Every structure is written in structure tokens, then in C-alpha cells.
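This document starts with one chain, in the form predicted on its own, laid out as C-alpha cells.
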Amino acid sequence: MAESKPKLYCAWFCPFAHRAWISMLAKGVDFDYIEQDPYNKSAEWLAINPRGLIPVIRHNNKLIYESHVCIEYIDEAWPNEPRLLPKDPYQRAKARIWGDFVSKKLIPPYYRFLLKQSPEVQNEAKEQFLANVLEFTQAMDQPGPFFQGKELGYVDIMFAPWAYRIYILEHYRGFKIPETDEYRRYHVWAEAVKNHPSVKPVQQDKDRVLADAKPYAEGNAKSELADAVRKGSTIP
């Protein structure tokens, strides 16, 4: 029985959803892109994902969600090259370890820095983010250019949507990753990711992205993500 053409429910502005979008493109999957507003908690949408979040993949009448799970599913459901997760068990475990690092150590301080209004809290989040970016950088394969070698993979995709939108922090917080020797490897990685043929089509107009990020920068964003950052709870 022929497999049905997969559908990706995504949103142009959502970096979490971009993970699945990049993965589909990297694997060369023939899929239908469906723009979905995750703030529209209609009964029809909640029937697809009870959490009301994106991304969601519909494949053979089955539904897959959670962005990191989507990356793995895409890699396994279409096992052709390139592989997003390494074949070697240790390297695959390493990818998951550093993917978890992205989720727990990079994304939360990024959003605290952007969302919080107190200069003291912003500075604390900035320093934490920089320290964790450096730790992430020091774990990269040499010479790369990607996290685990010559090919775009799982760890790269986990952080890529924030790396190519770092200009949000520059615009609203005057922040840049330092152009110093210790961060040089990071900049090599970021350029390789930003210019990868599976990543470039996903990037959106900067003015549009900055306008979408403005409520976060002003501290009045209304989303599950913003609420989690305010409470210091796990990011959904």
C-alpha cells in the first residue's frame, strides 16, 4: 500500500515548528505545508493536536507532534541519506544529549533575556546565555562546520531557528555573540547553518519577524511560551 503524502502543520513565525520544516527539506520529503495558527484553539485543530501546539506531522493518518520528536520521526520514516541522527550509537546518544542541552540551557535564557523587563534580570539571562553558547561551542566537532561534522544534523536543527534569528536580540537588546577567538567556532557553525539549502527557504523576512517578536521584547506577549518563561517553568 502506498504511503500517503505527509502534511506538515507549521507557522511561519514559530522557531519550534521550523525544526520540523527544516528536517522535511533536509530529507527531501515530498510534503504539503499547511500554515496553522497555534493561537486558534478550534475544536478541529485540537482534534489534530490536543495541546494545540505546532509542529504536527500527519502521515498515513497518524499524528506526530513535539518538535524534537518530529525530527527523529522524519529521519526514521524516510531513512534515506542524509541521516539527521548518526548511525553510530554513541554519536546518536551524543546528539540527543546536546539536543537536550539546547532545550534546557540555550532556549530558556534566550527567552528570559528577550521577555524580562528588569535590566538586572536581562543581564543575568544574557550572561547565562553567553556561557551556555560557549559550552555548546566547545562541544562541536572540529573542524565541522556543523555540530557533529560535515553534514547538517539533529543538534544543528534543534538550535538553528534561534541562531538565524539572533538579530531579534540585537534589535531589541543590543546583543551579539562576541566576535572573539573563543566564539569563532560558533560563528563558523552559525554561518554554515544559516546558508544550508534546507535552512535558507525557512527563514522569513526580518521586519516581519521583528514585528512578531515585539510583544516579547516589550514583556506583554500572550502565549504558553511567554507564560512559562514568566513563571520559570518548563517551556512547552
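Bear in mind that the values here come from a model prediction, so they are computed numbers and not experimental data. Throughout, we count residues from 1 along the sequence that is shown.
The discussion below concerns the form predicted together with another copy of the chain, not included here.
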Exercise. May I ask you to check whether Pro89 falls inside a 4.5 Å heavy atom distance of another copy of the chain in the model of the complex?
Key: yes
Self-check item: in the model of the complex, Glu127 touching another copy of the chain (heavy atom, 4.5 Å)
Solution: no
Exercise. Give a yes/no on whether Lys150 approaches another copy of the chain to within 4.5 Å in the model of the complex, heavy atoms considered.
Key: no
Practice problem: Using the partner position in the model of the complex, report whether Leu63 sits within 4.5 Å of another copy of the chain, counting heavy atoms only. | Solution: yes
Quiz item: Among 140-148, 158-166, 94-102, 113-121, which stretch has residues with heavy atoms no more than 4.5 Å from another copy of the chain in the model of the complex?
Solution: 94-102
Quiz prompt | Triplet Glu72, Glu135 and Ile235 all within 4.5 Å of another copy of the chain in the model of the complex via a heavy atom | solution = yes
Self-check item: Listed residue that, although another copy of the chain is not shown, lies within 4.5 Å of it in the model of the complex (heavy atoms), from Lys194, Arg208, His187, Arg51
Solution: Arg51
Self-check item: Residue (of His68, Lys27, Arg58, His171) lying close to another copy of the chain in the model of the complex, criterion heavy atoms within 4.5 Å
Solution: His68
